[in-house]
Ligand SMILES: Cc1cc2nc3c(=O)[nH]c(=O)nc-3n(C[C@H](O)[C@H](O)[C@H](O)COP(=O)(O)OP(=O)(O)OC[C@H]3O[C@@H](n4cnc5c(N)ncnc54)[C@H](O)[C@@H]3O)c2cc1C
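Just the one chain here, laid out as structure tokens, in the form predicted alone.
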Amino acid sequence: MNNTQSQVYDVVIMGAGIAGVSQARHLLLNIPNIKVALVDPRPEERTEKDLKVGESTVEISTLFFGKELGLYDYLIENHPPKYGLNFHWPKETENTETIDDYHHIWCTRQPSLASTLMNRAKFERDVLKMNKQMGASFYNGRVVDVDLTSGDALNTVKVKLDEGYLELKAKHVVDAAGRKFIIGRKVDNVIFDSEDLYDVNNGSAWVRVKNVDRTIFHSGYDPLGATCSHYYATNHMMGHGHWVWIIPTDSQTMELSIGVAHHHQVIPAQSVNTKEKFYAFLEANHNLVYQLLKSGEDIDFHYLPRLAHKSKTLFSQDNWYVVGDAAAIFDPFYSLGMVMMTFGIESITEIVRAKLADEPDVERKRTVYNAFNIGTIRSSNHLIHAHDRQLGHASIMSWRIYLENMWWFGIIVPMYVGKWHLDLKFLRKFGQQGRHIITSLMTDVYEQCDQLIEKKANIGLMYTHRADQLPFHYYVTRDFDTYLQDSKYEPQRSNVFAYVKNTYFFVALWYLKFLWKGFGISGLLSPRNLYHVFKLLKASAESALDELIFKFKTRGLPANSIVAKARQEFESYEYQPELQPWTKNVAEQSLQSNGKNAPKAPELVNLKAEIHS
């Protein structure tokens, strides 16, 4: 190809990593006859050294991959299962030889919503092939420029291929090219300054290693403590200013991803930015992990000096979008990168669908979805605030992890299952509530955690998922609606308001316990602290009213329309105690073929009777 050629599509996606291939598949599954193109400089067959940060999903991202992209069976057959998040703090920082040298928060059972560990390069390769089979075009080339227009005019993506240049034109352009920030740099859309990122200033070093001796970490024998694997989880080895992850990415080759997320205020880049330094850091601070790493064979090493960034706009009125790492990433602590990606992908698909259908409220959708996703990114950013000071404190960090899991399982997960994140009315109210209650509370809680660390306080260890931490046998995965049991997977069928009501109430109880344990009567009676409690209880009462309104509006509506149809069809069921004629004919022919050994007529009658019965 010597001259520049042009192709026209509905959507051009720059980047065929996990965000790009997932966005393409979601568009293809939800918008009939849509024309989608993907561009990536990496070939379709990825190499072993296609490095990633984040090889672990959580409930929402697994639901997205499995349910929305139709990849449940693929995930089961190709990627290891995951049994939650485990956290470990050294009992003595100078002694980290065995797993018994740590304090633990172990997952005790398989969660009701599955999650998976992931070989990212394999996933991206396989889903890209699936997309091509569904009709998507893939261009193995490098984006050299993008011409973004205003309004609904066609945008142009200029691609350099081995044989020349190609222009891809489309009304909608998605930047899923990660840290290349193709659109971000073009329109000055990316924020890197730690002051604008809740003071998050972190980096990461990691390796992949295969054929490890996993018994160095855990023997797998725990008959009294758990009904799930400790190895097949995301294991967090905690320390001052850092945490180390251990993530199995392949169960056949016993491959692990082992990495550290570190905060520059505590651990400067030059301490871990080479393989030798990283190994030395593990040997000194988490010798158990060092032994595990050395038991296998190195595959690769990588260092990323700056992890955190976010975008000012996610979905532009001029039909460009950023998603995945191109949009935001902060720290893989809770594996929320793919969750932010999931919300972004579903929002983009709905905006594109509405625009292609010329729906009148599409601009309102774009505005609300953009605000909600920016709010989600802001919350994910805030979850890493003060990690440099608090990660290594087992008592304080366990309380923080418990509280953050309350929000996750109590509001975010049921909201996603019921597709409330696409409901404009709900998003407006939830956004206002969250800004005025959650953000203010969490800011004060993190400051109070710092105060307790300065006091060298030990307020006990909060065990996530246990039912003996708060009154009324509350636990963070407790169900307040039968949204899972009755398959309330259709939009707005799950009663998210029941979860919001109860979550605000139990967070208030958590906060009262936290104040009492940490600050005594003076903490409980502080006007500002009492104000937070009042606002939480008030929001709980308001959500109780929303719950009653929701129940009234959905009275008589089946939890799942497919189940309702199946039950209706079953009303005409009648038991039929007989075989079909072809079966009887085969039996008779078999008897006749036996010739002289064939049974007499009475015997044949008896045999037929036996067959019928």
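Just so you know, these numbers come straight off a predicted model, no measurement behind them. In this text, residue numbers run from 1 along the sequence as written.
The protein also exists as the form predicted in complex with this ligand; that form is not presented, and the subsequent description refers to it.
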{"query": "Contact stretch among 436-444, 518-526, 497-505, 330-338 - heavy atom within 4.5 Å of this ligand in the predicted complex", "finding": "330-338"}
{"query": "Candidate from K180, R478, R466, H382 lying within 4.5 Å of this ligand in the predicted complex - any heavy atom", "finding": "K180"}
{"query": "Single option in L256, L168, V173, V323 placed near this ligand in the predicted complex, where near means a heavy atom within 4.5 Å", "finding": "V323"}
{"query": "Candidate spot L85, I216 and A394, all three touching this ligand in the predicted complex (heavy atom, 4.5 Å)", "finding": "no"}
{"query": "E124 within 4.5 Å of this ligand in the predicted complex, heavy atoms", "finding": "yes"}
{"query": "is_contact(R42, this ligand) in the predicted complex, heavy atom dist at most 4.5 Å", "finding": "yes"}
{"query": "This ligand contact in the predicted complex: A457, any heavy atom under 4.5 Å", "finding": "no"}
{"query": "A16, heavy atom within 4.5 angstroms of this ligand in the predicted complex", "finding": "yes"}
{"query": "This ligand in the predicted complex - contacting residues of 184-211, heavy atom within 4.5 Å", "finding": "S204, W206"}
